[in-house]
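Heads up, the chain below is alone and in the form predicted on its own; it's given as structure tokens.
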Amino acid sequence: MDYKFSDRIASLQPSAIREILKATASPEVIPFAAGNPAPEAFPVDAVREIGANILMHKATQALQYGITEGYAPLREFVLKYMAQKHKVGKADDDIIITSGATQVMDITSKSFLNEGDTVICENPSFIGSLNCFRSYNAKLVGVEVEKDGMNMEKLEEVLKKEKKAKFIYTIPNFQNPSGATMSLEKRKKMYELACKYDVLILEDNPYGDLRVEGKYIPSIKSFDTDGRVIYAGSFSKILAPGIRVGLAIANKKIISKLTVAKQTADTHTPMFSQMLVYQWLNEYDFEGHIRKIQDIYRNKLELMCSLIDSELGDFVSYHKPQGGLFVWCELPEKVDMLEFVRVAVENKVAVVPGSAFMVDEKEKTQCIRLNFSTPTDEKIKQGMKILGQVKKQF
């Protein structure tokens, strides 16, 4: 049969990361291409205990339908915590619990984008969000990411030109894939420009709690006075991604529309997962857990960067991130980046080509993304030695 897919989907290509991850199914392949949290970071004993307690005492509630906005105790806890700890959320803001933070991108797109509207994105940016925006037939315009975040001069040039821009998409902390963290000055400037040109900001912050050095920088949402910032958060990186619990904090009018958009997708985020997250936050030392995983990632980041220096040396250039899960490395101009990736995979080390993250998929880049959270320390050592050998072929 000749299938006639929708225009929205027909032109989308499979995620290069997911395709490469198929190669990592073999235990022989070292997964520098992944973006998964370290298994040792999962609070397995706490989750086991909480899950058993829920099924013992609140099974009916956990297995029943819930409201689309989310489990009320979890919503109340998160709103209060974010307001007190991070100054996120004003009196006219509300919260919705989502099935992972990626759903925030989807229901925001569904709520605001008409065909042909513009989304301004960091370039490079997270492939999952880029494909989400593409699936709504949006026009994507990329703005260069520098070591301290998006280039604000170029952002204003784009805002002047793009009359149908709906929102700016940014990952300000330990950006995926570049690892860059936006400076406070640039965060304030982005908000100023959004106000000047009357666009929204979609602030995606899945990695904010994974800071391993440097000073905390307030979120853009923390100085949002007119309700134009949609803040997306996630428990995937601090608790467990398989639980699929994320959140959005935004003006109440926006949350009401995001709620309608979510109802057409999955009705509500699984109650069992929401109740589990609430009890973990309410009854366990989750801030102590965050400090623990920060220690894990600090050691892994230091290990990978020291081995990049010793095994690859001047063959690559990179800026060491202050947190997150990724190191973004640039290869020499004379090297065929895609061929380097292919040879690395042939030698059982999976890395992601930088082209997977470009707003214009045809744009040339010499970069590759390395993940340090998923492989064990021994696999990091082994994988970097292999990349050192691959380097010699180029």
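Numbers follow the displayed sequence, beginning with 1. All of these numbers come straight from a predicted model, not from anything done at the bench.
There is also a form predicted together with a further copy of the same chain; it is not shown, and the following applies to it.
Undergrad: Given a 4.5 Å cut-off on heavy atoms, tell me which of 234-242, 180-188, 313-321, 81-89 is the interface stretch with a further copy of the same chain in the predicted complex.
TA: Heavy atoms within 4.5 Å of a further copy of the same chain in the predicted complex occur in 234-242.
Undergrad: Spell out, yes or no, whether the shortest heavy atom distance between Ser219 and a further copy of the same chain in the predicted complex is within 4.5 Å.
TA: Contact with a further copy of the same chain, no.
Undergrad: Might Asn282 be said to contact a further copy of the same chain in the predicted complex, defining contact as any heavy atom within 4.5 Å?
TA: Close contact is absent here: in the predicted complex, Asn282 is far from a further copy of the same chain, nothing within 4.5 Å, heavy atoms only.
Undergrad: Taking heavy atoms and a 4.5 Å cut-off, does Tyr278 contact a further copy of the same chain in the predicted complex?
TA: Residue-level check for Tyr278: no, no contact with a further copy of the same chain.
Undergrad: Considering non-hydrogen atoms and a 4.5 Å limit, does a further copy of the same chain approach Lys257 in the predicted complex?
TA: Yes, Lys257 is a contact residue.
Undergrad: So a further copy of the same chain isn't shown here. In the predicted complex, which residue out of Lys300, Arg228, Arg211, Arg75 has a non-hydrogen atom within 4.5 Å of it?
TA: Exactly one residue meets the criterion: Arg228.
Undergrad: Using a 4.5 Å cut on heavy atoms, which of Asn123, Ser273, Thr118, Asn205 is close to a further copy of the same chain in the predicted complex?
TA: Flagged contact: Ser273.
Undergrad: Go through 243-270 residue by residue and record those having a heavy atom within 4.5 Å of a further copy of the same chain in the predicted complex; state none if no residue qualifies.
TA: Result: Ile243, Arg244, Asn251, Lys253, Ile254, Lys257, Val260, Ala261, Gln263, Thr264, Ala265, Asp266, Thr267, His268, Thr269, Pro270.
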